Structure formats: structure tokens, C-alpha cells
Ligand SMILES: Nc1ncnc2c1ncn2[C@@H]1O[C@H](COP(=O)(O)OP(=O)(O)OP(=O)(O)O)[C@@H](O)[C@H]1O
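Encoded as C-alpha cells, the following chain is the form predicted on its own, with no partner shown.
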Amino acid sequence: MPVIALVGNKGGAGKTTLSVNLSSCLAKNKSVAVIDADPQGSAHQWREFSDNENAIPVFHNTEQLGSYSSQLLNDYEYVLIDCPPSVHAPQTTSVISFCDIALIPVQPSPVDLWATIHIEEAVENARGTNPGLQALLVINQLEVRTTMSRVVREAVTEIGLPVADTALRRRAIYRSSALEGKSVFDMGKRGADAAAELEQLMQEIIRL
């Protein structure tokens, strides 16, 4: 599973945050590169904020993503791709045609759930040429005390794609670390709870 794509059909679901932080999680034991395939370039901007010369490399590229990923895999063990917030974007269509895993963050809101239905269709279509494609929904920015958060797991099971057991809570540390060009793994005790959730999620991803 060397190529992992962050896919969504709505802005604000947390794709870039996940791509940055999951790559940092993997980088503890593996060599990792990130491709920012979103024309907005949010992941690339995150890297520009970083003053750490050893920070995970982020390459902003929106064309020939299959061949570009293959080139990077000559030097890195994993490539994470942050896709645009649309399954109809040419970059997303290209990426899910060759990636090993499509991670789909979804917030506990009706609008996010409705948008995710189209991703299920896109994944099924992509499996026509990429039969090994694995997909995993990740509940993101969970607020445990809200009614919607309490019922979201039941709602996502109706979409038809596997759902990660690990849900990621809404935490201010994600925003504050991004402002510094860091991941939650760089934030010491302040980022410990978020880092633990991400490590648990990564164990699920590796088992796919």
C-alpha cells in the first residue's frame, strides 16, 4: 500500500490536515513524501511555513500523477496524495485509478454525508481499472457531546464503504500546529492525544 490518497467531495472535511499528520505518523519509521494534488496548494503552504529542514517533503503537482508517484517511490517508501475536494476533479479521478488506498475523511454533518455518497460511486468505477483499490471512511472532527456525532457512525455504515473504528476528535491542536508548519507529533504533550488517535488509525490503515 505505498500510495495513499486523501479523497473528499467537499471542502473542509480535513483532507490536508490528515495528509500532513498521517504522513508525520508514518515518517517515524518509514520514508514518506506528500504530493499536493489540490490546485489550492494547502499542504504545500503548510510545508512553506515549516522552519524544520527535515520536515516531510511536499511536492505540489497536479499533472501526470501516476508517473510522478512512481518516480517518488524510487526514493520513498510511501507517497500520500492530497486530492482536490471533488471526486469529479481530474486529479482525483487520476489518483483513484492507481492508488492503493483511498482515505475519505467525513465530518459528522448531513452535508458531508450526502457528499460522500458520490465518492462511493467513484470508488466503484475506479475499481474497473484498479481492482485492488481499498477505501476507508474516517470520521473526522468528532464532537462527542453532539447529537449528530452520536449517530454519525450508524449513518456512515449505510454508505457502503468500510468505516475506520478510530474516529478523530475535533482538537484545536490541529490548527495551532498547522500555523507553525508542524504536525501534532511535533507539539509535545499538547499534541499527545491527537497523536495517539492518529497512530491508532494508522494501524488500521496498515492492516488493509
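In case it trips you up, residue 1 is the first one in the sequence shown, and so on. The structure displayed is predicted, hence computed values, not measured ones.
Omitted here: the form predicted together with the named molecule. The next part is about that form.
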Using heavy atoms and a 4.5 Å limit, would one call residue 16 a contact residue for the named molecule in the predicted complex?
yes
_Quick check on residue 175: any heavy atom within 4.5 Å of the named molecule in the predicted complex?_
yes
Partner proximity in the predicted complex: residue 62 to the named molecule, non-hydrogen atom cutoff 4.5 Å
no
### Message
Can you tell me whether residue 40 touches the named molecule? I mean in the predicted complex, with a 4.5 angstroms heavy atom cut-off.
### Response
yes
Answer among 63 to 71, 162 to 170, 23 to 31, 44 to 52 for heavy atoms within 4.5 Å of the named molecule in the predicted complex: the stretch 162 to 170
